[in-house]
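This document starts with one chain, in the form predicted alone, laid out as structure tokens.
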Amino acid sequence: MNTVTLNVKKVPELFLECENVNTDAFAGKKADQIANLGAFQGKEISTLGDYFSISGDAGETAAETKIIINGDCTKMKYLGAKMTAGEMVVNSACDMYTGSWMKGGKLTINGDVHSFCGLAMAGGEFTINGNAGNYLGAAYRGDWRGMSGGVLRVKGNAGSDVATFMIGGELIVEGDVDIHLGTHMEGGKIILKGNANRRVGGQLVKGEIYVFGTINVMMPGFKPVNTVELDVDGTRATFTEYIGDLGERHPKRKGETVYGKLFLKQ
């Protein structure tokens, strides 16, 4: 695997749209060609070479390419967005849309990310070794398709509206979350190691939500049905199993109604 290293040499005054900073855009290019790739700051188009010093040539394909970014990326959007293969490591906090529409590969952020990251993620591994903002792993504004595949893990806390319209994949938050976790969820798995605020699983149709901590206020549309012992993300524990959201429409399979499930650790 070939490694391309980007070191931030100038922090943008506004916000830099880094849609070309991913393994797919870099594949088959030498360092000078990567430096000439475009990046918008407001309405002005610049090049990556204006903001980064770049060393190393990419592999022939995305799968053969690794990107390492050092320096302050707090005003940089779309890092790792739409990547399909390979590996990318960002040693900084990042702005919006980081890892969004990701289809494969491995993306690691060694810092915090802003809101709207991991939108509509369809595959790959996305790890945030800090905190995440609002609408993590959710649908893009106006769309109904949120995260559908892959694994998205946050080592810290996350904000509100996490995994809105989730339809597949696995999202793990090791800290706490704010309101509206898993709203409109129709598939996939959410694992919350910490505590949740109100309105967890509102309008849940299908999928599973596991909560190891507490829920500040439980939604009235959830009914306890069982006590189960489960292995969840490497931890064996006893959970109260709920079905819901009972106020939402639910499909049937072989004549039986299919409910979403919420598991709350005892």
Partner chain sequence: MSEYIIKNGRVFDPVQGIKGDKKDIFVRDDKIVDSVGSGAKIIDARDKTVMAGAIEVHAHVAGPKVNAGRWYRPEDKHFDSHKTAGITRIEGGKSIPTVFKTGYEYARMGFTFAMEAAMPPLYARHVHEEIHDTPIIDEAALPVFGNNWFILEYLKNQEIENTAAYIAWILNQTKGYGVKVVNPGGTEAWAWGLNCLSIHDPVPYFDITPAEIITGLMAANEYLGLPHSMHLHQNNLGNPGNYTTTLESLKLAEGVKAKNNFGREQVLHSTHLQFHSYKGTNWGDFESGAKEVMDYVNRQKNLTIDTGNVTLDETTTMTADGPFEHHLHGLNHLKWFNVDVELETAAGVVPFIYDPNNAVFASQWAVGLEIALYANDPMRCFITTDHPNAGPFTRYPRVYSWLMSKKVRDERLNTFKKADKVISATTLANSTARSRSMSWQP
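All figures in this text were calculated on a predicted structure; none of them were measured in a lab. Positions refer to the first chain, counted from 1.
Omitted from view is the form predicted together with the partner chain, to which the following refers.
You can rule out all but one of 84 to 92, 121 to 129, 144 to 152, 167 to 175: in the predicted bound form, only 144 to 152 has residues with a heavy atom within 4.5 Å of the partner chain. Looking at residue 249, you'd find a heavy atom of it within 4.5 angstroms of the partner chain in the predicted bound form. Taking the partner chain as positioned in the predicted bound form, the only residue of 92 to 119 that brings a heavy atom within 4.5 Å of it is 101.
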